[in-house]
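Heads up, the chain below is alone and in the form predicted on its own; it's given as structure tokens.
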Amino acid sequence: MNFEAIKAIYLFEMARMRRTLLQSVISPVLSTSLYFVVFGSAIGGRIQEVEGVQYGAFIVPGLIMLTLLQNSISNASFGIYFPKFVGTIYEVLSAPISFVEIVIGYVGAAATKSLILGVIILATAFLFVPIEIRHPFWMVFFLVATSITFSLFGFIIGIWADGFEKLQLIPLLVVTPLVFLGGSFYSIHMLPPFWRDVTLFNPVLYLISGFRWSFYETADVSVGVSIAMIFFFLAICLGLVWWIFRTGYRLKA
């Protein structure tokens, strides 16, 4: 394992975060604060509690997960797409490093950025609502596992995309709607039976449900199923990344 190569890629990607601090950190935090104001105050005035948890506190895990998914995908996709766009990806591919080291460097940096942002938003949430974390270990597990998994997913999108507009296509048209419809701001037990069954086909539901359980011990689905879904999606992403580097898909052209 070439740790120097991993370190070089990792530090280069982390330096990009410092150069775009306003876009990378401040903007998501302000957006999340607006969610707290709008949903916590406006809707929270009508819905006092959900499953025994104050509504403002209930939506915190969903908001963190929303930000985590969006930024994991965008950081990783842009991180690998830009070298493709300017042609420097060939320097990386021709270097004496394996695809494993390339993936660890890019995905590790994207996941780290998302984790930093998730912690900042969690700290921001404490300023708005009282939060209780009953299972800190599992909270960290869901944060780390989700960041890594969706950074891998973003890495795949970055390789698949052949234009800047495609970088936003899946995050905006697929991931964001799935997060909003996956129980971020409500419990699926509040839905009619038909829509509750439909929501069970939403993979993001299992991430949000497990993450919320680590806070308040309340979940829409079994925690074991949530953990299994994370590992299942992680395995799919790892398999796709292996196939991409094995075949040279969108890399050799």
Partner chain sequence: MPNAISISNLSKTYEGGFTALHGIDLDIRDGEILALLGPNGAGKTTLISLVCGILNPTTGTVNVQGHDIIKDFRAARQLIGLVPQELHVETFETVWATVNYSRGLFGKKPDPALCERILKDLSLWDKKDNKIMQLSGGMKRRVMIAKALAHEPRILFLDEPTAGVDVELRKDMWQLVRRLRENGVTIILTTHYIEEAEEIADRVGVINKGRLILVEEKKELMRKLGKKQLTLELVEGLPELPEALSHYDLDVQDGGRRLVYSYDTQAARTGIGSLLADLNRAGIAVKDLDTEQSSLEDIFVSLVEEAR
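Residue numbers count along the first chain shown, from 1. What you are looking at is a predicted structure, and each value in this text was computed from that prediction instead of being measured.
Keep in mind that the form predicted together with the partner chain is not shown, yet the notes after this line are about it.
With the partner left out of view, is Arg18 within 4.5 angstroms of the partner chain in the predicted bound form by any non-hydrogen atom?
No, Arg18 is distant from the partner.
Might Tyr106 be said to contact the partner chain in the predicted bound form, defining contact as any heavy atom within 4.5 Å?
Contact with the partner chain, yes.
Should Ile97 be classed as touching the partner chain in the predicted bound form when contacts are defined as heavy atoms within 4.5 Å?
Residue-level check for Ile97: yes, a contact with the partner chain.
Would Tyr90 show up as a contact with the partner chain in the predicted bound form if we use heavy atoms at 4.5 Å?
Taking the distances in the predicted bound form, the answer for Tyr90 is yes, it comes within 4.5 Å of the partner chain.
Tell me the stretch among 80-88, 175-183, 161-169, 111-119 that has any heavy atom within 4.5 angstroms of the partner chain in the predicted bound form.
Looking at the partner contacts, the answer comes out as 80-88.
Only counting heavy atoms and a 4.5 Å limit, does any residue of 138-155 reach the partner chain in the predicted bound form, and if so which ones?
Contacts from 138-155: none.
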